[in-house]
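First structure 1, then structure 2: two forms of the same chain, each alone, as structure tokens.
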Structure 1
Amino acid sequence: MEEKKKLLENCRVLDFTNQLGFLCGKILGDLGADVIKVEKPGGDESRNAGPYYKDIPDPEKNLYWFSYNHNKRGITLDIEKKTGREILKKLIENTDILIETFAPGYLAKLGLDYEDLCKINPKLVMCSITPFGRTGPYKDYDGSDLIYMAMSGFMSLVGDPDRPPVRVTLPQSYMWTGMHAAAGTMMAYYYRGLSGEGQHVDVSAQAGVLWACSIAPSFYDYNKELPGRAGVFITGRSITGAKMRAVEPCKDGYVNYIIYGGPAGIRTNMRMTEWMESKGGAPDYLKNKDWKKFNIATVTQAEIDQIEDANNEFLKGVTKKEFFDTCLEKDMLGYPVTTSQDTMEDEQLKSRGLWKEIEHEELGTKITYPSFFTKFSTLACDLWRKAPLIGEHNEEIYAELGYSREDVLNLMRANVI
């Protein structure tokens, strides 16, 4: 079989990002770019945020760092030192893309803003990822996952209606932002291929997470009211205000089973009743129901509650596998709620070759990673190397700039790298 081509094989990327931009650099690396992660001497501060391998705090054994910094080589460089800035300018001469998450104005004070760097390399594509963007009244504000989730509006939709809004436990905003940054960077790089011109890409984390609220405009368009928190319920499908449970407990966890309308929903409701009857009996009100006349838009809450009470009691006695197998066999709408362990054992993900074991010599073991974000018919997208240790490739990369081993040692002694 012909070897797949790396889309970004001849593209060099300098990655000066924290968690806001980790994923952007990783995506470019997955597509074959030579991504160089640049940390300050001693390592990036984000290495100090866990979790750690075997829960032992160690910046070189940080699992979060491993997850989003593989497919990158790593160097250290202090750009606040004059020598460090001179080295960066040498790197820029042969750099295609620079991604960074410094506060707006920080690089300008060092003479390293886009306007300065594009004088060295007019074809440079530079992606700046900041909490609120580089312009506007909030441009100088700091941010965090909690702030992006709240100020994007996403939190207003998550949680129970009678309790305060909540955020998803593991930070999600950084992933949304990283994906937007990768898409914007790729568009600018594509345009450079057409025009020969570099440009500055300005990504706002607040605006990036706004896309996670995609339910809101369609909800308003249909109901002419602003959506709110509904907890475990689905709302907005009935003119009577009836709400439907989205998740039901089962014998070994939870399943996603919702009372739907339309042909697929009516078919599912009928076959669920038949399944109940085959396992010991469905309530008469379900067996006698004229499902063909069931209308989700006009159903009352009392009717929904009656149906869900029967479903709830029945589903407690079946496993996730029994449920999913039956949904497939009977062409019903329904899905198991998978746990992390379920995901690792999922036949579909295994058959697509998603998981890949990578040797970690520093840990004396292998770690399993997802190896690609997309499968292409002719392009390669893979996990090429593990995340770098602090300054792991200093000697290798600085040698490419013409620095000898003695030069590198002197730079280390001067704490420039």
Structure 2
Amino acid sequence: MEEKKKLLENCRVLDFTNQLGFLCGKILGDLGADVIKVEKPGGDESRNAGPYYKDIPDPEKNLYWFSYNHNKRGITLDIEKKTGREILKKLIENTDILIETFAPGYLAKLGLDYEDLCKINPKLVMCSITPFGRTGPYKDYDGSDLIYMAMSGFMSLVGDPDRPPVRVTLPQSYMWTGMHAAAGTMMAYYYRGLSGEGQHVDVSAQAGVLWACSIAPSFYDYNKELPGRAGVFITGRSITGAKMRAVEPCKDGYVNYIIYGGPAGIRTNMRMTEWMESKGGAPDYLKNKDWKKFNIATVTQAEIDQIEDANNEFLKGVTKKEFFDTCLEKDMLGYPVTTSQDTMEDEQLKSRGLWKEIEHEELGTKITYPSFFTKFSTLACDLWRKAPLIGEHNEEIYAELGYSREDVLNLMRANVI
């Protein structure tokens, strides 16, 4: 088989990001870019919040760091020192893409804004990722995952109606923002190839999460309807206002099973009744139902409730695995509500070759990661190296820049790196 090509093999990326931008640099790294993670001397602050490897609170054992900084080399550099800025300017000469998450105005104060760096390298693509955007009334406000999930409207759609809205416990806004930043950056990079011009990409975390709201904005835009949180129920599928349960308790957890219309939904509804019948009996009103006339857009709540009562009672007696196997076998819509353990054991992901073990010499162990986000027929998208330790590649990268081992030691003593 012909070896796949690294699209970004000759693309140098400087990554000055906190968790808001980790995924952006990682994605460019997945496509083969030479991504250099730049931390301040002593390491990035984001290393100091858990979870940690074996629960040992140590900046070098941060699982969040491991997750989203692999495929990068790492150096330390203090750009608040004059020498540090000189080194950065030298690095910029051979940099294609710079990603950063500093507060708006911070780099300008240091004389390192896009306009300044552009003078050194006019083809530079610079991606600035900020909480709300580089300009505008909220530009100086700060945030965290909880804030972005709220300000994007997403939280208003999630949680039980009798309790306050909720975020996803595992931070999601950083991933949304990093992914979209990578999309904008790749587009700017492609445009550079066409036009010869670099440009500045301005990414907002608040806006980054907006598409997680899916089609909810169209309900307000079209009819001034306000979609809200409905716990385990899917809303907005029917013009009667009927809502459908999506998550049902089963024998060993939960399954996701929804009454839908359309060909796949109706097939699923019919086969669920058949399955129930084969396992001890389905009620007559399900067996006698004329599914061909079933229309999800006009169905009433009473009809939905009647179907769901029987289904949910039945599902309580099956395991996640039985449910999943049956959905696969009978071509029904539905999946188990998986835990992280289930994901790691999933047959499909294994057969796709998603998992890859990477050596962590410093821990004396190997850790398993997903190795690609997409499969290309001729381009490589893979996991090449683990996340860097603090300053792990200082000597290597500063040597590439022409600094001797002694220079590096001096810079370290001066706390520049």
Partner chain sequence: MKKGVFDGIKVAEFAAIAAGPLIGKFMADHGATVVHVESYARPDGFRSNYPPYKDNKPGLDRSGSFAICNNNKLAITINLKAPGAIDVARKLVQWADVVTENFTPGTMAKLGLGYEDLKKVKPDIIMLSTCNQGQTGPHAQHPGFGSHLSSLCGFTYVTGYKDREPSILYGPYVDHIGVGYGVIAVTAALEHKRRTGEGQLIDSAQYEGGVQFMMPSLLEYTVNNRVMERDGNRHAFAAPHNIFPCKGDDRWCVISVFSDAEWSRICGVIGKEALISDPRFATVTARKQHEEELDQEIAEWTSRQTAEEAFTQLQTHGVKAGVVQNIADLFTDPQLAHRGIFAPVDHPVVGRTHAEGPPFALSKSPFKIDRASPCIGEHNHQVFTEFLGYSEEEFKKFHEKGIIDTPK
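If you superpose the two forms and keep the largest set of C-alpha atoms that fall within 1.5 Å, you have the rigid core. Numbering for residues begins at 1 and runs along the sequence of structure 1. Owing to the predicted nature of the structure, the values given are computational and were not obtained by experimental measurement.
Two forms of the same chain are shown on their own. Structure 1 is the form predicted on its own. Annotation: Cα of Gln206 displaced by less than 2 Å between the two structures, core superposition. Core-superposed comparison between the two structures: CA of Ala188 displaced by less than 2 Å. Core-superposed comparison between the two structures: the C-alpha position of Asp142 differs by less than 2 Å. Core superposition places the Cα of Leu333 2.4 Å apart between the two structures.
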